[in-house]
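Only one chain is included here, represented as structure tokens and corresponding to the form predicted on its own.
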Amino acid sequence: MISNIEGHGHHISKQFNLELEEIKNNMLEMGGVIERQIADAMKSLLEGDTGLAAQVLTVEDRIDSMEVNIDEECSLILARRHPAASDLRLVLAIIKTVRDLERVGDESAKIARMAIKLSEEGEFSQGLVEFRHLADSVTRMVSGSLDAFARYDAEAALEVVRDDVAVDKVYASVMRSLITYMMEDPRSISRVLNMLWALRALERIGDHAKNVAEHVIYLVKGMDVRHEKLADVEEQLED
């Protein structure tokens, strides 16, 4: 239930409560589909499994359909119920989160496409260790942001925001390393570029997970922390 959101009160209409819970559950279901898509995309690249990569690409239509359906449900609630205060924040947070989740799906598909290209180009190990490390980190971020939403946990959401800082640092370091490798061995340019695109997709997934975490903070605390520095966000949550 959503009774632990600041400013939220119980509704006279039980149906309204049910409608709010339903759109939230549908969003979390979409999140579950995308978590599986991310895992499969990463596995397809790490193991050179083009069949699995192809399966990842088939999930795009389902994710797009889920996004459209949830948006429609949210629009109907806004039109019929005219929610205010925390109820309005919940609907808006779901709309924004669904948009970020759909984009995570797009980035996962990019990884699957790079997996196919890398497999076609032959064995290539450069960057795989770093890819696995980043993949583990962003997977935890996506899972953590969805869990924070499910539990309306602003502190857990803040942890995801913190994790994004570390992911960005690792990504920047890996980029420099691979670019240097590519310059030293021009024959590797095509393969390194494909790996760089896959790593870029991972970094973008982390960004979208961070966005979801920020939506949770907005939902629970009523604070818009987008574009804020991490130290400032931490200070605001402590107040």
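Just so you know, these numbers come straight off a predicted model, no measurement behind them. When you see a residue number, it is the position in the sequence shown, counting from 1.
Omitted from view is the form predicted in complex with a further copy of the same chain, to which the following refers.
Leu92 belongs to the set of residues with a heavy atom inside 4.5 Å of a further copy of the same chain in the predicted complex. Interface residue remark: Ser190 is counted as part of the site for a further copy of the same chain in the predicted complex, having a heavy atom within 4.5 Å.
Remark: Asn211 counts among the residues lining a further copy of the same chain in the predicted complex, judged by a heavy atom distance of 4.5 Å or less. Contact between His227 and a further copy of the same chain in the predicted complex is found at the 4.5 Å heavy atom cutoff. Exactly one of the stretches 122 to 130, 160 to 168, 135 to 143, 95 to 103 approaches a further copy of the same chain in the predicted complex with heavy atoms within 4.5 Å, and it is 95 to 103. Screening Leu28, Ala39, Met182, Leu52 for any heavy atom within 4.5 Å of a further copy of the same chain in the predicted complex leaves a single hit, Met182. The putative spot formed by Leu18, Asp153 and Val174 is not touched by a further copy of the same chain in the predicted complex; no residue has a non-hydrogen atom within 4.5 angstroms of it. Along 30 to 68, a non-hydrogen atom within 4.5 Å of a further copy of the same chain in the predicted complex is carried by Asp64, Glu67, Val68, in order along the sequence.
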